[in-house]
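We begin with a single chain expressed as structure tokens, specifically the form predicted alone.
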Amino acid sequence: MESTALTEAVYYVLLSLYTPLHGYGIMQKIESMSAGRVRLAAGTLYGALGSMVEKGWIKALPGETRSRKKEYVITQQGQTAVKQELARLKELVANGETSLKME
């Protein structure tokens, strides 16, 4: 899997899907995790979900016939993407701290 920087929205969506959630639940969880700083619009969220399904990072769960809400969950590939992003962010912080000490 190629290692690329994730957008903040994609990173938060992946983090929110360690337990299955539907779209509105994802938006609420992201807002809660970011203390209200990140608020995704429905169009942004559903565009990101479609892209992440295509990449194999998340999957839609089979829905019940009574509910139209589609739930999503992170896949092993998605978990790998999250871990790679976390390592990238840690490296950025470490390099930033080193640079600040040198000043």
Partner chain sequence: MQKTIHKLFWLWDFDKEEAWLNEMAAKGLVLAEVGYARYVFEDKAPGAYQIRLEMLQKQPSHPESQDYIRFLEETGAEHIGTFYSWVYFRKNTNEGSFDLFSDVESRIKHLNRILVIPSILLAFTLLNSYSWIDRYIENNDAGNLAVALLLSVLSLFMMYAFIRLFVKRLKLKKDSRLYE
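Positions refer to the first chain, counted from 1. Computed from a predicted structure; not experimentally measured.
The next section is about a form of this same protein that is not shown, the form predicted in complex with its partner chain.
Heavy atoms of L40 reach within 4.5 Å of its partner chain in the predicted bound form, making it an interface residue.
Its partner chain is not shown here, but in the predicted bound form it comes within 4.5 Å of a heavy atom of L45. At a distance threshold of 4.5 angstroms between non-hydrogen atoms, G23 is in contact with its partner chain in the predicted bound form.
Using a 4.5 angstroms limit between non-hydrogen atoms, M27 touches its partner chain in the predicted bound form.
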